[in-house]
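Presented as structure tokens, the chain that follows is alone, the form predicted alone.
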């Protein structure tokens, strides 16, 4: 027996679940299929969310930790502190957030079919058949990651340039929780950065490099000795994955098929950030599909292609980053005024952050910490 849906979404991560929730709220019959056993399994992202995403979407504060600044380290361990008044990032309990998003989509009316693998589909005039799953869709959405099988099967645009990332989550380390700690180092992270993030009840330590270079997680752990005690770390979990850096792919879809999220390449080529665009354009894709199926609106993929960001300047910057400048050059340039301005713009866009304001910002934090109840210290143990 063939089960019929208005929309079938392949992939149950940020983009797919945002699309599913909005489509279901608009009255469409929606199914999400994903090979994972459950929404929080096999997470492949560091899960950092920018302020803009928090402004656009209501996400649960209990699953996030606010981080207001960036401390950027040169290879020689000198550090540049960056911030912008009113701005912040959110580190997240990413598996928990995935489960919450899945619950929201399900409450809206979407049917979640986890443990189901996409094996191919056939597009025809009135929809898309997925015979191996016994499903039929009026419209098929590929939200199945950087190496999308939907894109491959339908001859759509495919990602060609990637960063390869590795991350471990460990019991909390004693690092300054006001900052995302980022390391510019072409030996351990050629073409990108390494990081240590104060997460939700843990510390995230990761590194990424432009392919075919390999990220050096061991080198990062040696670097971390300068800022915290890493002799005894208990690793809780590990993550790895590919981050597309080639910009939006093309074509993005056909008459009854469309790509969103990492599959569509809506990821910043410079920072690798894609959660905000995944949520925003996952929701937008659902709106366009609803208009198309219910109200004879325009073909969704063509409108979607006009609206997604093109990343022209960031693609040019990605080409420069791929050259992986030697560490001696990074040491010489990072603390200069032009590089500080560039770093400020990359992390905080056009928002300012002059040194005097930063000192006042730090003092306010120190005053708040003195007035807050002391938290119990955490003792780390060897695995």
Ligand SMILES: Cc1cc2nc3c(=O)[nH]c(=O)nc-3n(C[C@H](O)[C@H](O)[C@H](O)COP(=O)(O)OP(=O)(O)OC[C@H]3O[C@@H](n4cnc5c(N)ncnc54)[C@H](O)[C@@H]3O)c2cc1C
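Worth saying up front: this structure is predicted, and the values here are computed from it rather than measured. Numbering follows the first chain given and starts at 1.
Another form, the form predicted together with this ligand, is not on view; read the next lines as being about it.
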>> If contact means a heavy atom within 4.5 Å, which one of 294-302, 111-119, 168-176, 222-230 is the stretch that engages this ligand in the model of the complex?
In response: 111-119
> Counting only non-hydrogen atoms and a 4.5 angstroms cut-off, does residue 194 reach this ligand in the model of the complex?
Replying inline: no
>> Taking this ligand as it sits in the model of the complex, is residue 202 in contact with it (heavy atom to heavy atom, 4.5 Å or less)?
In response: no
> Does residue 95 make contact with this ligand in the model of the complex, using a 4.5 Å heavy atom cut-off?
Replying inline: no
>> Taking any heavy atom pair closer than or equal to 4.5 Å as contact, tell me whether residue 241 reaches this ligand in the model of the complex.
In response: yes
>> By the heavy atom within 4.5 Å rule, which residue out of 127, 190, 198, 145 makes contact with this ligand in the model of the complex?
In response: 145
> Looking at 157, 274, 75, 246, which is the one with a non-hydrogen atom within 4.5 Å of this ligand in the model of the complex?
Replying inline: 274
>> Could you pull out the residues of 88-109 that have any heavy atom within 4.5 Å of this ligand in the model of the complex?
In response: none
